[in-house]
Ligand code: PEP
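Encoded as structure tokens, the following chain is the form predicted on its own, with no partner shown.
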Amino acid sequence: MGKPCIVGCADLKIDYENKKCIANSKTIFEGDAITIDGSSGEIFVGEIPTVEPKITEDFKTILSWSEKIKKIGVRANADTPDAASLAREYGAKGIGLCRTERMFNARDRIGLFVDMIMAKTLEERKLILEKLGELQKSDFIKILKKMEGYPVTIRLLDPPLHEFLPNPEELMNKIHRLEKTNSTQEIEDTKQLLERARELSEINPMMGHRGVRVGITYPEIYEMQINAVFEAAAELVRQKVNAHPQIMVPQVGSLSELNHIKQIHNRIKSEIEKKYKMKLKVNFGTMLEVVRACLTADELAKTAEFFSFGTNDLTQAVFSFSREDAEAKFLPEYLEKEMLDLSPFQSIDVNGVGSLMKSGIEKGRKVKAGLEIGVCGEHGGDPKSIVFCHNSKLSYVSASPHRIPIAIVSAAQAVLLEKKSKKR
């Protein structure tokens, strides 16, 4: 997201109760300014003057050469108008992944989304979804305007619903604190929230009730999102903006799941076209991030108008371990003992994940020869992965805005490496 970050800082001790943290005998209180150097891993107390990084003229020249040479497209993972604007400035030709859940996490709407999850009746839930739909429509209009002329792939809600609720442990602590103040109503509200959080909690959320499964069990959520996309598309046609939205369904493992959502898509498309008295084209596709989706891509291609590999989740599924646990516990030792050359979350595992991807590409294009297929996992910004994607004849890679320039150069290098290989 273009922000410096430090992870695995074991020396940092956090005192939640007193809202402070301690490291190296220094105490930092909530609200104190700190400066983080994501490259060196240093944290400075106080605000250090910084300089906005700029692309030099020499690098602009290299980018212009790369643009002429590369064959694979480069798009961005962007969820806000600012991120879309930055991505376009850095040379992205579209958005390969717009994560709609990021929009719900904004401060002005997370409360609304929690209210929607807590709603006791379908009618109550739909009223809240109506408000959220207007906010999403507004977001889509802004992002599509920023990317005018280029495709914007909007992914429907992916994470499980419990991720939007506070942690049960935090809620229990809050109840204990409130009991000391005798805040009866607030205690009751927090208890209801705790009960719902426990209802929605899962043993293995990564493989549980998320993505298309939420769209099937709570169809009103996907209906709201699909409606917001079509409403935005219609408004932009009226404004004569050349917008190209695409709707992408996450976590699909079977054609029946995809067809179920396609029926909702088709119904809403007809309703909006009738309302605005115009024809609308919004491509409908799916992510290939479930192993079964890659193995049955020929079936999915009958309905999908495009594919996009979600290589983050696909890697977790292929290796059968969660990224967070692996990176925190045993992956460093695997790398140190040379059981792995690189982290599979950093660069595509060509033999395992790569084989599944090639199978998905081949099967999909047997059904639809010109099928657009991209990558929207974090591997889309990794130079080695980009070479693999180029050689696999993918249509595009999608990376975070700040990785776009490197992705463009890597895409050009992939062409030169291929030519060099052919000469040999």
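Start at 1 with the first residue shown and count on from there. Nothing here was measured: the structure is a model prediction, and the numbers come from that model.
Quick note: we don't show the form predicted in complex with the named molecule, though the next part is all about it.
Heavy atoms within 4.5 Å of the named molecule in the model of the complex are found in one stretch of 303-311, 78-86, 343-351, 187-195, which is 303-311.
The closest non-hydrogen atom of A92 lies beyond 4.5 Å of the named molecule in the model of the complex. The named molecule is not drawn, but in the model of the complex it has a heavy atom within 4.5 Å of G377. In the model of the complex, C294 stays away from the named molecule, with no heavy atom inside 4.5 Å. In the model of the complex, the named molecule sits within 4.5 Å of a heavy atom of M287. Taking the partner from elsewhere, no residue among R125, E223 and I264 has a non-hydrogen atom within 4.5 angstroms of the named molecule in the model of the complex. A single residue from the set H244, K146, R210, H260 has any heavy atom within 4.5 angstroms of the named molecule in the model of the complex; that residue is R210. Residue R99 is the only one of R109, H162, K142, R99 with a heavy atom lying within 4.5 Å of the named molecule in the model of the complex. Of the residues in 144-158, those that come within 4.5 Å of the named molecule in the model of the complex through at least one heavy atom are, in sequence order, R155, D158.
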